[in-house]
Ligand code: FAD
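A single chain comes next, written as structure tokens; it is the form predicted on its own.
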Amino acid sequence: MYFAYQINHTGKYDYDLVVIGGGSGGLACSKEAAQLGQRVAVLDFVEPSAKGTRWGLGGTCVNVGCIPKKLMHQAALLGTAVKDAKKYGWQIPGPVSHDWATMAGAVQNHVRSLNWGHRVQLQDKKVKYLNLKGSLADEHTVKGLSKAGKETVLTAKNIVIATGGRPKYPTNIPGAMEHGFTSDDIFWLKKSPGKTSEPAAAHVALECAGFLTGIGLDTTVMVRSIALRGFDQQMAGLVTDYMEAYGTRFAWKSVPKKVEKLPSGALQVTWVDGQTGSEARDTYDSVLWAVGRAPETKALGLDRLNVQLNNATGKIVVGADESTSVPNIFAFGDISEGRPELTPTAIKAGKLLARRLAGQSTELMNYDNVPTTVFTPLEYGCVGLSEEEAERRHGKDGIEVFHAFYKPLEFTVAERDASQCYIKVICERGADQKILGLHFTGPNAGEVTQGFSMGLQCGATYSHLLQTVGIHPTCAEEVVKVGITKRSGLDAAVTGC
């Protein structure tokens, strides 16, 4: 899809490109444009969260997303490693405990170093950084408002919107915002959240629940319908099964009703059990909402210019070239309708857009076969289609699913259960058996999936997989050895080394 319009490049502008949004995508776009000789300004302004949490330049990923999440996930993995270490002969005296303040302080210090690094990079690449809240005045003009209320006007040949999104609170649950917090806050807490309720089961919720459980906190995930919506549901089941065995509590088919603060200071969460219809309640120290994200579009002045939005999602409707319905205004990343909400996707899309706007390229972003990983206690990496989507597109008889249950070598001596370590390769059933999707649960799932994702970009087939020599002993080698089909009904458990 492209939006058709005539572009009239007349007049002189302050900049060739103004980018609104200093997240990973916006920074990548602005730096790439500057490298190509464009005059570039980037506006970034972080509104505090509902709980007053503030952070610096770099957007969600750096400050309240991928980076702090992965580091806290690593803290939890180290806790498991300490337990395994005893089986490997390490003598660890006394009980081992975790200190939230030490971890959080170290993570926050690293994030601040990244904030500073981004500012230095912009300066080095001659990008003008303005700590202003940007909005559109017309297709060539941006108004920037400072914290003190001072307005700055900038003109540009092209304007790019990359403001991303922020976590939502459920508006229909009394006490949700008053007594709860979101992923905008958890990584900046100075003290441990303690016993935590998470009334949601999307990937952010499960990742947070996983590391909270892993550092020793009593954590309950409330699942309204299904976990990991949008992901392969067989894999989602393996992830939550492992988490339950790991110690995370799950309240299945449950709908939160209200959150109340008791005189003791504890938070009482009331929910409805969807299976029995009865009410249940429990007390917690914290309530973490991870019920989805809302695009940061409301303060941009999009309505003044009639920039087309998807009314259901509030996201900006864009063409294949990231163009909006208004000439000279482009948008990409989480704010764009139908795009994956993933940092590397936004970075790649931003760089390609910068090259096109500078007249250096015509290459469009390829949004197919984008890999991702859910950093739960048992990591889940995937690329391509889920089994459900492959079946929907090609029919049940049009796909072949190769699968295997395997046991990571490092699990053996530690006597860890590997029941949920699983590989699934979904292929077309035709002669070439082109790979449509690859799914992996196990240690270092992101590292495993990254390499195979290049294969899918190159049109990998099942025969290519079989022709690949594995690296022994690794979990990844089990992917290239997978040979049992679901259709056969044979036992898919890997035996031998």
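Source: prediction; values computed, not measured. From 1 onward, residues are counted along the sequence shown.
Keep in mind that the form predicted in complex with this ligand is missing from the display, and what follows is about it.
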Can you tell me whether the pocket in this form is open or blocked when this ligand is overlaid from where it sits in the predicted complex, based on ligand atoms within 2.4 Å of backbone or C-beta (3 or more = blocked)?
open
This ligand contact in the predicted complex: residue 384, any heavy atom under 4.5 Å:
no
How about residue 346 - does it come within 4.5 Å of this ligand in the predicted complex, if we only consider non-hydrogen atoms?
yes
Whether residue 133 contacts this ligand in the predicted complex should be assessed with a 4.5 Å heavy atom distance threshold; does it?
yes
Exercise: residue 164 in contact with this ligand in the predicted complex, heavy atom 4.5 Å
yes
Check all three, 183, 296 and 300, heavy atom within 4.5 Å of this ligand in the predicted complex
yes
Here the chain is shown alone; which of 84, 341, 337, 273 has a heavy atom within 4.5 Å of this ligand in the predicted complex?
341
With this ligand left out of view, choose which of 40, 43, 438, 29 has a non-hydrogen atom within 4.5 angstroms of it in the predicted complex.
43
What stretch, of 386-394, 105-113, 133-141, 87-95, brings heavy atoms to within 4.5 Å of this ligand in the predicted complex?
133-141
At 4.5 Å, heavy atom to heavy atom, what parts of 372-403 sit next to this ligand in the predicted complex? List them in sequence order, or say none.
375
